[in-house]
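A single chain comes next, written as structure tokens; it is the form predicted alone.
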């Protein structure tokens, strides 16, 4: 690859992008950046009824949050004339024809072919129509769809992930490139854009393999250069279930709102399905330098959103106070307590959202957890709490006095006190935590 490398991410603005879309975007981004090339954000908005500007804004916001900055934006809705020119060129080459079958008629044809043990491929009946028959059908049914006439020969390419791929053109239906209502479909628009924009590498999901075969023939018919294709595996849920049923909860905006760190998401998605281990990477350049498309496999890849939580927690532990100062200040933590607050909590949170719970515990108190056998002990201990503000020495001084008065020591001394003060059996060192507690004396 060289600085002439050009990749693209071409989402449809018909919904929020999710982890499956991210996998495609990230791989194309990393290829371009590793080569010092160009990464294009191409909005596939040729469907005016389903495309919404709020989704375009959402796509940009999600990519920007992740640091996947594009070099330029293209809108397919502004390039319709280019697609019409390509369609006319295909007509003049006798590689484009109008077909008038209804969905019901096509379904009956497919069922008949399957019953006969044949592949359900469009039978090209429309090619046998003469001009008068086409005019009659157009008058009766309105404009037909436009199909690309495939050459019925093998289509082969060296896939960046799958290796050698071969598809028999005779086993694939001539693809519809323009609908009856005139809408240009992705297959044609993508070919024209990839050709004119000089796209050199295309990474997308393995569900596009057959589509790639047809697009290669369209590119060749239009005189374009075929890019290097790579088809990554599809994601499944943690138990191997279809992820499509859960994508509504895996939109990037939902993960962001849940507090998942972008570095955690990028670290996981840049390695998931490859032979490389998933490790937290806190800077983009490290991800770029370590990316190798050939190390990814073709088998379905399990994705578990829970894996993002320990990566996020690990990332938060690497942050300094200045990195989270605004988040801490927003909770109402005084500036003179911010450093201690972050020091106490940073290794005891999964996301930054957890900070609110800690601050509430310090300022409003936690629900104490007191076992029945410890009630009298806790009452005695609370009565021994020193007066005045708590300091770094309060815990050791207080527990030494409680030990002397009650005779308890070790775990039977410290654990009941921790649970009574924090409501938790585990957490930060109590000595560093005590100065932040502001309501504990009310329990005496």
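Residue numbers count along the first chain shown, from 1. This one's a predicted model, so the numbers in the text were calculated from it and none came from an experiment.
Just so it is clear, the following notes concern the form predicted in complex with a small molecule, a form of the same protein that is not shown.
- Proximity to the small molecule in the predicted bound form, defined as a heavy atom within 4.5 Å, singles out one entry of 267, 312, 345, 190, which is 190.
- A single residue from the set 208, 302, 295, 91 has any heavy atom within 4.5 angstroms of the small molecule in the predicted bound form; that residue is 208.
- Contact annotation for the candidate site: 8, 11 and 44 all lie close to the small molecule in the predicted bound form (heavy atom within 4.5 Å).
- Only one of 167-175, 124-132, 153-161, 182-190 places residue heavy atoms within 4.5 angstroms of the small molecule in the predicted bound form, namely 182-190.
- Among residues of the shown chain, residue 204 is one whose heavy atoms approach the small molecule to within 4.5 Å in the predicted bound form.
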